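Listed next as structure tokens is one chain, alone, in the form predicted alone.
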Amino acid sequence: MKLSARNQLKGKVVELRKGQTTAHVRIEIGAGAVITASITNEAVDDLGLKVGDEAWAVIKASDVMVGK
């Protein structure tokens, strides 16, 4: 599958926590950096996600905020 999003970060699912409707998926992308995504439980099931799986964090946003 090809995507137009430029920010595609390959990693490994290190934690998956389902709530009532939404799941938090933590993907380690290297050097100890972890991306956390909130997706629906249905999406987790459809993708068959589980800890240890290879996955991609795809970031498509019109705005990025930076603070210091």
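Since the model is a prediction, treat every value here as computed from it, not as a measurement. From 1 onward, residues are counted along the sequence shown.
Unshown form predicted together with another copy of the chain; subsequent notes refer to it.
query = Is there a non-hydrogen atom of L47 within 4.5 angstroms of a non-hydrogen atom of another copy of the chain in the predicted bound form?
reply = Heavy-atom contact with another copy of the chain at 4.5 Å: present for L47.
message = Taking another copy of the chain as it sits in the predicted bound form, is K12 near enough to touch it, meaning that at least one heavy atom pair lies within 4.5 angstroms?
response = No, no contact at 4.5 Å.
ask   = Which residues in 1 to 18 have a heavy atom within 4.5 Å of another copy of the chain in the predicted bound form?
value = The stretch 1 to 18, when checked against another copy of the chain in the predicted bound form, contributes M1, K2, L3, S4, A5, R6, N7, Q8, L9, R17, K18 at the 4.5 Å heavy-atom cut-off.
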